[in-house]
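Below, in C-alpha cells: the form predicted on its own, a single chain.
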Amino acid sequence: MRLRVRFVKLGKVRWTSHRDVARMWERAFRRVRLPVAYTGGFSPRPKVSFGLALPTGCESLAEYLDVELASDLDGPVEALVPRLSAALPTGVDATAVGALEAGAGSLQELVTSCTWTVELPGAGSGDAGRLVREVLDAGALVVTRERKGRPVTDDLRPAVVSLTVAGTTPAGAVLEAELETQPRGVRPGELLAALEPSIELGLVRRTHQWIERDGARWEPLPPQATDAPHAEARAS
C-alpha cells in the first residue's frame, strides 16, 4: 500500500534543508506508528520519496511525499491528517492524504508545472507590470547554469506558462507565475534574474503543483484523498 501526503512548509522552517525535512517526516511516522516499509541490505531506509525539491528559504502550500507501507492501516486513511500534523514541528502540517493505485507514477515523473507567488520588495504595480511584459515579450531568456560541475546554457522562456501581477502588499508587488518543471525545472528567482541580475526577491511561495495531460490538469492527489484547507495558523 502506498500513500501520498500533501503538506505545507511555512514560516521559519522554510530555512530547513530538504534532508532535515525528510528526517522530520521519518520521526513523525514513528510517532504515529505508521507501518512504513523499509529497504533491504545493510542500511535499511524507509521507503519514502519526495516530490520536486523546494529551494531553501521558500515557503510552500503544496509539498508532496509518497510512503510505502509494509501492511494495511488499522484505521481510516483520513485519520492520518491530524495525527501527522500533531507529530510534526511548527510550520509543517499535513493537509491531505490518500491511497495510491498500484502502478501510480512517481511525483518526479508526473508533475509538469508549479504555481508560485513572488514578492518584489519596494516595487510598485507599475514596476512589476514592466517585468511581466519584458518576460512575456522576450523571444528568449538565455542563462548559463552549472549542472553536474559543467556550465549548461538554457533558454528559460519556453518554461513560462503564465506570469501576472497578483497584487500588492505593504512590502511591495506580488507576482504569480506558473513555470514548467520538465525537462528541467525553473525557479522564480532564476527567471527574474535572467532579466535583472540585481533584482531583490522577498517571500517566494509555491502554491500548487500540477499534472497536465490531454489538455486537463489536476493536483497530484488520489481522487479519494481526504483534503484539508491550506492552513497557515501554525507558521511562525
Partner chain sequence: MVAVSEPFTLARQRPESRRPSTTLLRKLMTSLWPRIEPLLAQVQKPARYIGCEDGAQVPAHAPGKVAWLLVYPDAYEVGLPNQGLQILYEILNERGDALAERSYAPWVDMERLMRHRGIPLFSVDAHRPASDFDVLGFGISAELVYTNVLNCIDLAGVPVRAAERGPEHPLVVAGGHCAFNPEPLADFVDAFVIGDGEEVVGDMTEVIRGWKASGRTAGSREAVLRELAQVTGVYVPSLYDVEYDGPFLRAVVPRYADVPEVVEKRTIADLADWPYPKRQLVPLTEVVHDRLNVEIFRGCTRGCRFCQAGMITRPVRERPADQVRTMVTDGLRRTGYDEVSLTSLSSADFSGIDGVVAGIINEPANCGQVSLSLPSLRVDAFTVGIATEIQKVRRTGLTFAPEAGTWRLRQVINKLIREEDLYGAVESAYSQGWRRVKLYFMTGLPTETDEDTLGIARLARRCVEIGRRHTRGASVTASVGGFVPKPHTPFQWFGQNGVPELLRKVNLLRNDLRRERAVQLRWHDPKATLAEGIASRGDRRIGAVIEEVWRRGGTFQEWTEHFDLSLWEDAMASRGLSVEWYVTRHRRDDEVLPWDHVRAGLHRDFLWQDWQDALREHGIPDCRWTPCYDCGVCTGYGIEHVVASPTPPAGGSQGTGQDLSRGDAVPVALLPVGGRA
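The structure presented is a predicted model; accordingly, all values stated were derived computationally and were not measured. Positions refer to the first chain, counted from 1.
One more form of this protein, predicted together with its partner chain, exists but is not displayed; see below.
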Handout entry: Among 168 to 176, 206 to 214, 64 to 72, 37 to 45, the region lying within 4.5 Å of its partner chain in the predicted bound form by heavy atom distance
Key = 37 to 45
Handout entry: Gly129 within 4.5 Å of its partner chain in the predicted bound form, heavy atoms
Key = no
Exercise for the section: Report yes if any heavy atom of Thr56 sits within 4.5 Å of a heavy atom of its partner chain in the predicted bound form; otherwise report no. Expected result: yes
Handout entry: Touches its partner chain in the predicted bound form: Arg31 (any heavy atom, 4.5 Å)
Key = yes
Exercise for the section: Indicate whether its partner chain has at least one heavy atom within 4.5 Å of a heavy atom of Trp15 in the predicted bound form. Expected result: yes
Practice task
Check, residue by residue, if Arg147, Gly185 and Arg187 all come within 4.5 Å of its partner chain in the predicted bound form, counting heavy atoms only.
Solution key: no
Problem - Contacts with its partner chain in the predicted bound form - residues in 74 to 91 whose heavy atoms fall within 4.5 Å - result: Pro89
